[in-house]
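In the form predicted on its own, a lone chain appears below as structure tokens.
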Amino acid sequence: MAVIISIVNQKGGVAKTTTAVNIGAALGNMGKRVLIVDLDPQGNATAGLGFSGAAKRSLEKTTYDVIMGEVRPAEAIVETKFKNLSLMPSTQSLAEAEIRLIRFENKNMQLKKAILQVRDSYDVIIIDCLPSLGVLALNGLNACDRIIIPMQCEPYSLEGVAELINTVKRVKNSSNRNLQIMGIVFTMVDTKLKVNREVMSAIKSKFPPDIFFNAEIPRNVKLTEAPSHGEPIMYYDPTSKGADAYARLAKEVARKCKSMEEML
């Protein structure tokens, strides 16, 4: 039975999709059966796994159809060209769900109901959430066991994460009592910049040390290039610093998932 992880931060541009795609690819390469659920209308995870342009337009069934209850989740899942890595793709149509779900009695639980149907087919399911704390993001929080919070080392990051953690607490208390934070990962790190070091120090002083992943994701040109080629970094440039960082992060995630599997 899969461990379900949502990659969450309501702030945009913090490398949520990059983290989802590259953890997923690395875990797949380690032999885990992985499903990535693209829960962002921008569909960046979908494009980053090779479905862009005509390939994206040709997708007949997507996360939108699943979350609206119009198709079974297995019907919307596609295989990628990457080892052990499947995808539930997204297109701009998913934006309509924020409005249409308002009419649903259990509007925040639609994704959870769908994922339960395919959970036994995978070892890890990763949900790439949109930069929001709206209905779709709440679906992502209710569907998962753990969340990973990518955090950029810049001013105001702490305020945003504090808001997110409060939301997580509310969801845990109201509808997903098993929800926990797997960890915070620093992204786009440049330790040469004083502001990066200061922000990291400030954030670490506010939380227990075991909430942070040891792996930190550096600013890396290859990481920036890889999505436009439709490949995770370990396939685009396996010798890059970005590939090494995500490989180390995936090993940490795998260890935490192994501990969870004994409880599930």
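All residue numbers refer to positions in the sequence shown, first residue = 1. Here the structure is a predicted model, which means the values were calculated and not measured.
There is another form of this protein, the form predicted together with a small molecule, and it is not shown here; the text below is about that form.
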With the partner removed from view, which of 59-67, 24-32, 215-223, 193-201 is the stretch that lies within 4.5 Å of the small molecule in the predicted complex, judged by heavy atom distances?
215-223
Taking the shortest heavy atom distance, is residue 15 within 4.5 Å of the small molecule in the predicted complex?
yes
Wondering, does residue 188 line up within 4.5 Å of the small molecule in the predicted complex on heavy atoms?
yes
Do residue 227 and the small molecule come within 4.5 Å of each other in the predicted complex, heavy atoms counted?
yes
